[in-house]
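Presented below, as structure tokens, is a lone chain in the form predicted alone.
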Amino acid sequence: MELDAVQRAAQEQFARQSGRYGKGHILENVADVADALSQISLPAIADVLDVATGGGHTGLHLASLGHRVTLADIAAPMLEKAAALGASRGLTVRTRQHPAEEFPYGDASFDLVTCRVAPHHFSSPESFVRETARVLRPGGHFLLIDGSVEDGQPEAEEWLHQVEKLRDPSHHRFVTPGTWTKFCEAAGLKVKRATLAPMKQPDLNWYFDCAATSPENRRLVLDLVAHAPESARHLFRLAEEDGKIIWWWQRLTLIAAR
């Protein structure tokens, strides 16, 4: 399929920055994934699709549990590095390059679809959820983990959107739990869990480096932080720690069933 502007931006950004998402990245810690999986009943050997796999950490964790895993991403270099990381661990996975809004798989192909810390780059989260529902088998599950903003916080949400868009122009939009739930219900998925939990982020300079934020955009982000509205300061717990700017992401974990 022809990529839209948002998809092209994500593909270019993550192809360029793919080397930063492997060993040592914050997402290498899959405790959040393990916690969510403890609440999902899977076949002994499940067919799993990990969408926008990035460094592959979620999919490789599932492969280590003995499941058949397909790692999918819009950026080929990400897939190459994720597969290499899996091979270094003795894991075999399949890789497919495609956007999150249109899957090249038949209906009812998977027992589990996962997506972790990626949907805020998608041009159409709603299309992504529809495709997820289509490829899930009856009784299958959808696991979503991503940054979010609690419902009813428009000022803080807009502030964070501005920060993220400057930090990484391939960012599109965080989606609130209520909107994700509506997308799932419209696609025929029943939401079993949708919870927000604070997640302490590395300092702001780490995030700048991870996204290769331009010097001008770094300056603009720092200005936004200095003049953040009280709603954002409170919600994201903006603070300084050892001379570094830190904040707490609102991490959404959503589990839905087909």
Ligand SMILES: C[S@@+](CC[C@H](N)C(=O)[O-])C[C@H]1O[C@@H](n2cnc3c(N)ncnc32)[C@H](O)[C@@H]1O
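Numbering starts at 1 and follows the sequence shown. Because the structure is predicted, anything quoted here is derived from the model rather than measured.
One more form of this protein exists, namely the form predicted together with the ligand; it is left out here, but the text below deals with it.
Put simply, Glu131 is far from the ligand in the predicted bound form: not one heavy atom of it is within 4.5 Å. Using a 4.5 angstroms limit between non-hydrogen atoms, Ala75 touches the ligand in the predicted bound form. At a distance threshold of 4.5 angstroms between non-hydrogen atoms, Ala100 is in contact with the ligand in the predicted bound form.
In the predicted bound form, the ligand sits beyond 4.5 Å of every heavy atom of Phe183. The contact residue chosen from His141, Arg116, Lys81, His171 relative to the ligand in the predicted bound form is Arg116, the criterion being a non-hydrogen atom within 4.5 angstroms. Checked against the ligand in the predicted bound form, the candidates Ala46, Leu27, Ala211, Leu224 yield a single residue with a heavy atom inside 4.5 Å, and that residue is Leu27. Residues Trp159, His161 and Ala232 are none of them found to lie within 4.5 Å of the ligand in the predicted bound form, as judged by heavy atom distances. Note that among 66-74, 211-219, 35-43, 187-195, the stretch whose heavy atoms approach the ligand to within 4.5 Å in the predicted bound form is 66-74.
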